[in-house]
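One chain is shown next in structure tokens, namely the form predicted alone.
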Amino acid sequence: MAAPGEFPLHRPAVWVNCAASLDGRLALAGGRRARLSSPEDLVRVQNLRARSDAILVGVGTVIQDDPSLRVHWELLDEPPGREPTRIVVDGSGRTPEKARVLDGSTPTIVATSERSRRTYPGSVQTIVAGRTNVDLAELFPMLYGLGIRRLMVEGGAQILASVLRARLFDRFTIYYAPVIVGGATAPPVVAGRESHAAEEMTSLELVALERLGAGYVVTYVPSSPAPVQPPAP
């Protein structure tokens, strides 16, 4: 992530974070939730949340896991502080009416598209970014305009794919749990389109690797663009 006080132009500093199995799965078969983070990693994640202005997830995560997206201050052994804004990317209005993110307990934004006709409680702010699906490249500058300077992206696989593929991030941290999930229906870290050639892959630069509890944490940043080769004489 950018150094303190320094942020990418026109969008928040974006920190992507997730936990995965050693074979790169975010959950169990069919997307059923798996607790992959160790106790030590849970503390790390809560520290990241506490330092963020907002936490962003996709509607699939809301439907599958019903997260609160709040900071668990008890894990940090700290008195409750300011809660980050919760952001749900939901282009078609699928967020369940009784989802915890709509409970009005902390500022919440639903990012949607022009095709959605869904209405939300008065405590929820709606941002339209995109015609049929949410365009994150359009959304992130809007969030910056709302004062969000540090954005934490937590998933799921489609959101991670969109952010990482478009290089709309400054730091990507993944906790690898010492387990194998396997199978065909467990969601991967990155969903979406496949890469058919080397130039279609997204290159990253490793900046840190550390043991944490039973697993380990790996941190990447976007790789620098490949240098332009001078024309042959």
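In this text, all values refer to a predicted model and were calculated from it rather than measured experimentally. In this text, residue numbers run from 1 along the sequence as written.
The same protein also exists as the form predicted in complex with a small molecule; that form is not shown, yet it is the one meant from here on.
**Q** If the criterion is a non-hydrogen atom within 4.5 angstroms, does every one of Q46, V71 and L75 touch the small molecule in the predicted bound form?
**A** Looking in the predicted bound form, the three residues Q46, V71 and L75 all stay beyond 4.5 Å of the small molecule (heavy atoms).
**Q** Note which of D53, E40, D170, D65 lies within 4.5 Å of the small molecule in the predicted bound form, where distance is taken over heavy atoms; exactly one does.
**A** Going through each option in turn, the one that passes is D65.
**Q** If you check in the predicted bound form, is L164 within 4.5 Å of the small molecule, heavy atoms only?
**A** L164: no contact with the small molecule in the predicted bound form.
**Q** Does the 4.5 Å heavy atom contact test between R193 and the small molecule in the predicted bound form come out positive?
**A** Output for R193 is no: heavy atoms all beyond 4.5 Å of the small molecule.
**Q** Using the partner position in the predicted bound form, report whether V217 sits within 4.5 Å of the small molecule, counting heavy atoms only.
**A** So V217 does not count as contacting the small molecule.
**Q** Does any heavy atom of N133 come within 4.5 Å of a heavy atom of the small molecule in the predicted bound form?
**A** Flag for N133 set to yes.
**Q** Only one of 118-126, 149-157, 97-105, 78-86 gets a heavy atom within 4.5 Å of the small molecule in the predicted bound form; which is it?
**A** Result of the contact check: 149-157.
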